[in-house]
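The data below hold one chain only, encoded as structure tokens and taken in the form predicted alone.
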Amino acid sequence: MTTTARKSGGRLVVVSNRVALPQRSAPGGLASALQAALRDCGGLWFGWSGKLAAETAGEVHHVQKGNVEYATVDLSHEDHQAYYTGFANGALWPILHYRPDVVEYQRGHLAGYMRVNEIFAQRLQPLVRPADTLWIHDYHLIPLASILRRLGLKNRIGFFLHTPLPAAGLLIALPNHRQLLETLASYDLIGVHTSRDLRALEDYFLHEAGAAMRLGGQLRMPDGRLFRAAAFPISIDTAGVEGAARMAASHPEIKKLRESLGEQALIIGVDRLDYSKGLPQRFEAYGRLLMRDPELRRRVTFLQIAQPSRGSVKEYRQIRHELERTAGHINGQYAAPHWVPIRYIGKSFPQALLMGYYRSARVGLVTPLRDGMNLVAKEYVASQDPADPGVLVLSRFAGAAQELREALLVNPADTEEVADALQQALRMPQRERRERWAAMIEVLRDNDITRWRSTFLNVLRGN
């Protein structure tokens, strides 16, 4: 990527809902990968500042660090409510995660979503140079390229969707779906996580938007516009996670955790609190395990970290209350004075500490109902001690399941199947654990986040 990026002669312009400003705390894997790409050939990162004001201001805030410029805009409370809370997370997020039953659609929210994308395009357009390559991220900014094209930009523009993409039959349940989704044809390259997502995208454009498939995998719209879509499975900084997990093993907090466990095996789940993560079903499966296998009681502990998310939304408050109630029920039924079956923690932890938690766990329990990729699954594998690795129990509906085939793959809605997998994982001999882990870590070392972003950018730039 380094050589080809420099040959292109232009900068990379990254656009996302939020910007990882350099003065903030250490960013995650995606932000680090994008910053590395920006530094490689000079660039600009544009998006919302994270600040709310009485009115959406026209001023663009600029921060420079080395050869990378960060440009952000403030949004009004009204615009943010309609664009982010209302349409992006009230309508798009549930439909993309196969939950049309919780879609809350309002025309005013769609209008606000389009208005904020228009604001972004108006502020971004003067900052773009003719040779720049633009890379736009995620469902918040689907129509951005179409607006930039209307403003005259002819640059190469790519888009990456970080969520799953459901089948066309579900996408059309979104009101005014064509008004929004057909704007994706304004990109030169659309990236999704998996071949399943790619089939859904192609099916939508072929059967709903009247596109035709051309040789070489291009799609041609009725107006003649050509674009390409492909699967680029996102990954992690594998070597960085491996190193962080080794270092975290000596962290005082990790030592305290291991001391508190004694001889008990640890099952760990780490998720953002969201209805797509299958947390109530996960708790139920663990309860079934304890009911069916009394020998495991007092010999296993389940640590579930559920990072707070969108607390103002009714469905998220309901999930939190349900988890607290279920954890209390299981603990009340099975706990002993020196043993708590479930340790449920509703807050976030530093990334470096999480790697130590993963390394301490005999089982990584990653069972979303739907997920674009799920990097926790990959981080769990990369965090393991090669001499004595744990076992990954993984939803077959997470994108990561298409790569991590040596995990124990389950249907998260089948709590008996998940309980079976937990039982198998806890009793799996070390030799089998090492064989399964070795196959998965090889995949992650071959396909890390650097390869993901370099592959995408090379295809976008035509290298």
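Bear in mind that the values here come from a model prediction, so they are computed numbers and not experimental data. One rule holds for the numbers: they count along the sequence shown, beginning at 1.
There is another form of this protein, the form predicted together with GDP-alpha-D-glucose, and it is not shown here; the text below is about that form.
Among heavy atoms of residue 277, some come within 4.5 Å of GDP-alpha-D-glucose in the model of the complex. The shortest heavy atom separation between residue 372 and GDP-alpha-D-glucose in the model of the complex is within 4.5 Å. In the model of the complex, at least one heavy atom of residue 193 sits within 4.5 Å of GDP-alpha-D-glucose. The closest non-hydrogen atom of residue 350 lies within 4.5 Å of GDP-alpha-D-glucose in the model of the complex. Across the options 125-133, 251-259, 364-372, 330-338, residues that bring heavy atoms within 4.5 Å of GDP-alpha-D-glucose in the model of the complex belong to 364-372. In summary, among the residues 382, 393, 145, 376, the only one with a non-hydrogen atom within 4.5 Å of GDP-alpha-D-glucose in the model of the complex is 376. Think of it this way: in the model of the complex, GDP-alpha-D-glucose has a heavy atom of just one of 113, 93, 286, 205 within 4.5 Å, and the residue is 93.
Along 255-284, these residues reach a heavy atom to within 4.5 Å of GDP-alpha-D-glucose in the model of the complex: 270, 272, 277.
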